[in-house]
Ligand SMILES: Nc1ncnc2c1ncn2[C@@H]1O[C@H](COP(=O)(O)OP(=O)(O)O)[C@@H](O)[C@H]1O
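Starting off, we have a lone chain in the form predicted on its own, written out as structure tokens.
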Amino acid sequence: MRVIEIKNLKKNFGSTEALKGIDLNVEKGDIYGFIGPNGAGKTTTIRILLGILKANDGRARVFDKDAWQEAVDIHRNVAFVPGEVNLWPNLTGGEVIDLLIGLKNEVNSEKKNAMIERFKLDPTKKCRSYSRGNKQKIALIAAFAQDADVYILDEPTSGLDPLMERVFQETVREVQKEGKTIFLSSHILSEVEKLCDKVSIIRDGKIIESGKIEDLRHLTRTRVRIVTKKPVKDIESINGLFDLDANHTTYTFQVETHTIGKILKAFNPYGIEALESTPPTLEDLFMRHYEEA
């Protein structure tokens, strides 16, 4: 079942094209990563999905409802965490959490208190005294304490320490097990790689790659380190070696994944004593696209 559908979505701010016709589909139960640097169009896309901005062209639907015309209905089943959290300074953290949950749902005190304990928040302090990380915790607690079908998270771990990032990741996995859908916008590639089933990379308002992370790995190069008994003659003549670093009988380089067998055959006559292979990562794919740009 398709939960989020974006088709040829365009958004201009004056003469600036923020979105240049993007396509994206999120299925029920997905943890979907939406990655790109700041200014690529991630937040603009999310604001259109939430009905905060109106697109200039194209289609944005959530639960098969128009994101602009039926925003109120959509919001009943969506929990949202922004990247920059602004709170009421004179309210306590607990009061803000109750307010945010109560806008849509009856407050489930047991679930709320469990989230407060999990994220190690003191809910009795005034919001003016909270650090950026604690303000982010309030938004996360309010979102995960709701009974939503879709969680839209825009840079959700901004300001969190590594321990709380791990708690966040555990919570997201638990939510997925309940059959919920998570749309995660982030520029932290390691976080996306740990959590997400599928990913779209956005650059300058255009989707440049989409698919399951495992399916996209073939688009990146594998790092290889080989130590041979004898120096390899005319190594520069071996096709398919990238970023070659040769030091006597130690060679490090990158190769396209499908050419590894052919490369090893070229090294075999010189006696391979050691071989290390590092599989491609999401960061490799991301950086390759941006370096090529």
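Given the structure is predicted, the values throughout are model-derived calculations rather than measurements. Residue indices: 1-based, along the sequence shown.
What comes next is about the form predicted together with the ligand, which does not appear here.
K.L.:
Given the stretches 231-239, 30-38, 65-73, 263-271, which is the single one in contact with the ligand in the predicted bound form, using a heavy atom cutoff of 4.5 Å?
P.N.:
Looking at the partner contacts, the answer comes out as 30-38.
K.L.:
I'd like to check something about residue 61: if you look in the predicted bound form, is any of its heavy atoms closer than or equal to 4.5 Å to a heavy atom of the ligand?
P.N.:
Looking in the predicted bound form, residue contacts with the ligand do not include residue 61, since no heavy atom lies within 4.5 Å.
K.L.:
Should residue 18 be counted as a contact of the ligand in the predicted bound form, where contact means heavy atoms within 4.5 Å?
P.N.:
It does: once the ligand is placed as it appears in the predicted bound form, residue 18 has a heavy atom within 4.5 Å of it.
K.L.:
Give a yes or no for residue 43: in the predicted bound form, does one of its heavy atoms lie within 4.5 Å of a heavy atom belonging to the ligand?
P.N.:
Because a heavy atom of residue 43 falls inside 4.5 Å of the ligand in the predicted bound form, the answer is yes.
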